[in-house]
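This document starts with two versions of one protein chain, written out as structure tokens and named structure 1 and structure 2.
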Structure 1
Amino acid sequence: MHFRRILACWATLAIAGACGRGEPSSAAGAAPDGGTLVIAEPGDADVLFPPLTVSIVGHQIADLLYDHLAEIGDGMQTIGDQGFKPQLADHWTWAPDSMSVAFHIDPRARWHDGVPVRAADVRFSLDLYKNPKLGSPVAPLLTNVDSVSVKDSLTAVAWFHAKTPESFFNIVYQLWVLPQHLLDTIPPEKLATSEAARHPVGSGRFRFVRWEPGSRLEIVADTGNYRGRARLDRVIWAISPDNNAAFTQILSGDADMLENATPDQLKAAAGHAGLRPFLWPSLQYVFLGMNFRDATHSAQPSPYFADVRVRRALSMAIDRRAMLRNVFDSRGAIGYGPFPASLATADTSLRLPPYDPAYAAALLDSAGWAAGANGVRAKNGKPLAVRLLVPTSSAFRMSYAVLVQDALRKAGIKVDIDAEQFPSFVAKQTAGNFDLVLAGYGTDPNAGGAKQNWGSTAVPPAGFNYLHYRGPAFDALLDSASSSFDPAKAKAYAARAYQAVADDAPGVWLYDVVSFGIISTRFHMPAMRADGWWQHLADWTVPADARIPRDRIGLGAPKP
């Protein structure tokens, strides 16, 4: 069967599986909650501490172990508090001037060690997130939250600098509430490497069991949780060195789920009766980023990409749509700018540098990078030779690395591929130890989330702006977008902010992440939220007659 026909057939099943199979039927053997989900994961967590994690697995663990004051609804409405549901706070009350909101903590809420959650934990968490000694990349998104005061043991009052349409969203979506009694004696600068960060204690419907880096990460249902027991008994991430090794675990039955499947893997799995695809929405996008700083001397500008002519030349030397077809066949989604197209404020009509190799060559000539006899351009005796950082955990980005290398070779740019396993990739990206990087960014469901990736205040260690891009026009326009109560005006300001970044050409916008995963047909999944397939994982089910004693196969018994 041709891949497009396979994809169309599987897509129908995926949508049905994601949206129409929320509960097991009695014919399927409905039974009390239980069962184990094993996720084949081609990448480990970086750290299990919510304010500092940047990895996908790290975010998954944070979302499952910890709670917010309130939970955003599936519609991802970020204006006001409509659509938000109680979580740690069972209700809240606004001040008449909307400059503060009082959250009443659910008196049943407990940390996983049995200690009650209190308003002081909320105050401690905000202070820690904003502490420069911690260096949380989330801090730039909490700038409008002035402070939290404790009215009584169960009432935390959040105070804002200004009345904005997303004041509530900022405090509840960005802030995971952390246990003060376990963290307040640890210096903020040492938290990332502390035992508390390796053995997290949250208040969510799952609790932490073990983390064996590079091998296994396990959580289990918190049976006495104030929000109700998770319906699965436990979830295991079986860490693999790459996507192909993870896929092998799916085919062998040693794992139940692969969250990102390549077209070839979808074809191979289509013949297995016990597997089905699932399509999950995403707020992620992938781009080729150019470091504005010298990779080996971070205090100095890049000898290549400090010049906008070089950045634009590189953009124009890359045929984005041809690469998309090469890697994704018919299921890719082209990138339109520094945002995913699914974002409410996205503008898919931005002016981007077109594919034009001849004009790219002229730009490099004008910047002084002359063509050499060996095919590599040079300037003042220095060759135009760069290193491209890419994670081995992403089969898609690995494929793109080879295509980018070939395209830039034709433009006279020598590219050496620096392929790293995910922990090393994160370390090098954070340290700025790269010239080019195939980066994947996930954004929040609002315009202001872009500040964390592209804002001048988000240069590490304060945020995820690993390129050290600084655009005053972008900063000002994004602030205007975030402060407007008029959705149309907010989108217009955001579009101008995105265009400012596009004009500076710090990256080549390659593709939006449209992900097909593969999962065992034993599992029943509620509808998925755009900010993560795992958001409703506590409500996944597997019929009793379809459960597998996971300690007897594949992974073996857990290590003590």
Structure 2
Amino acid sequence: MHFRRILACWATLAIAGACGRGEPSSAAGAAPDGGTLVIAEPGDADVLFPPLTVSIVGHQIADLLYDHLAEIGDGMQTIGDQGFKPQLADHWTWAPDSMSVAFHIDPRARWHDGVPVRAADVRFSLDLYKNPKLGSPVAPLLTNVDSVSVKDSLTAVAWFHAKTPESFFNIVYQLWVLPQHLLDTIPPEKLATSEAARHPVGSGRFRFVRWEPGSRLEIVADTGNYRGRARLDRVIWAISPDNNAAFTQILSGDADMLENATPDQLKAAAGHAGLRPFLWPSLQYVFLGMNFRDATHSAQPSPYFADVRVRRALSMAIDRRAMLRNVFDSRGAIGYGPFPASLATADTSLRLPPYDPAYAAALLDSAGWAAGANGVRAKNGKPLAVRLLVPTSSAFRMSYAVLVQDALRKAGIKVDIDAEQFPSFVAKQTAGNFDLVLAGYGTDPNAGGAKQNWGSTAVPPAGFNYLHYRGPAFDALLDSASSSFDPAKAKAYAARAYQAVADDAPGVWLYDVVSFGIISTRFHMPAMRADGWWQHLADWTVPADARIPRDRIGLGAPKP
């Protein structure tokens, strides 16, 4: 989840058209400050502490309440510092050897409690992120950043271990600067459950008001902010128990926005004049993975999927396009391979096994799985019966499970659906306790990102290679891609690496996660950026004549 924003940066390049769906910004400048955005949100935030948050709402809060040293900019470039714009640092200077960079903090920057932001805060933040006692999931991304030293109260120098294409991006993008004076008295291992993690104090254009877990979360414009106050007065996340309840709030007008709408909900909302759909890409993709190991004896190879013929047969027995249409109507995005299509290194011309049930049957025959009793294939008396692991929390993946089950039944493969709640899904996925899995991967934006999912070194617990896939060619090609300073070369290596995976057919690439949201037409917004629809939220406006009572609440604090 952490990388989804970053990845989505790249997405702007790929799906620029989609991102440009915002309202014309000409009207935006004219509207006065004010207005309330209510987001109907089926999932709550996890913790309001940037180093530890893994939820989407948590990330939104981090982005809106806290600042990075520099902002990646709408160009979304990750190599060097090209395109980066000043945020907390008003300028920066590289050392001649490129092994360090000095950030000069904007002297006007203040924490929301009025204390000025200082270089020491940057040093404190990096140390905290990297502190093993905290256990931040972001820490591995900061391994190339050695340390931060304080040159003077407004100058922080970041030191790198090695000269890599993405050194600057790493520290600037992964690190939110935190207030030392509020956090340094709390032991790092206690931070996750501390009051401070529930009452965030940042330096961003919005400030925190209150959080009632499971009910609502509220932020307001920081009127004295050094980057200018947020144009909206307040943003409220109304937390719903499920997507349906969230949708009813949209229809009744109690809420303005739903991030993720199902095709049915989009259809139902189409008749409402005050609502319009919007699209936001992410860096996640979902595929049907095949376990290379035995589901119950993980030391042994899978009796089914160790054979590439069986894997290819599975790929060819599944009509990916028909399933996409069934689940998403016309709004789905087909998977092209072991990466989301919005990735800069994505290659949408990969050769994948085509849908061909007859060929699939022939492959299974040749692999020794002959047609048997009750239409289930068998080999040496062992039926081709597999268990498909799927999380109940994902309605889309649940639908795919039912579709895959019937498609494979026709191919003579018996599939039992093992629908698990997320915690037991994670437990089983990590332990390799499945034959097939409907897995969702979020990847790193850079060329080497796929390594965490498909690399030989990424088997759990180190990474996310739950299938225990091993492709030496893939590993080598990807290494070449990630160490390249030339984007074109990186892309060429990556494409060859992806093709190596595709040829081994460890999975069937079902779809890219592309979310459709619904929003009230009251809101005027600058073009929506792909690394999260909320990136420019501070610049959204509500025209004076479109305002409704809740837009006029003003900045007063709510009653306790």
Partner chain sequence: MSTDTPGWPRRRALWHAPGARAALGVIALFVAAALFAPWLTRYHPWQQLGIVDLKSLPPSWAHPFGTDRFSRDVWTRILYGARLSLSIAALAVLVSSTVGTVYGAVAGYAGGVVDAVMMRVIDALLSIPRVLMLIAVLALWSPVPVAALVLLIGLTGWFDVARIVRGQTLALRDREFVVAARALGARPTRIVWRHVVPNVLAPVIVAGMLAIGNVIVLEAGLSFLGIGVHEPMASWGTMFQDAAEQFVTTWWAVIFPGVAIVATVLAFNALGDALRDVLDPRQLPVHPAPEPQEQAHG
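Throughout, residue numbering runs from 1 along the sequence of structure 1. Note that the coordinates shown come from a computational prediction; the quantities given were computed from them, not determined experimentally. Definition used throughout: the rigid core is the maximal C-alpha set that superposes within 1.5 Å between two forms.
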Q) Between 1 and 2, where do we have the form predicted alone? A) 1
Q. Which rotation angle in degrees describes the motion of the smaller rigid part relative to the larger between structures 1 and 2?
A. 24
Q. What's the distance in angstrom the Cα of residue 403 travels between structures 1 and 2, core superposed?
A. 5.5
**Q.** Core-aligned Cα shift of residue 284 between structures 1 and 2, given in Å
**A.** 2.6
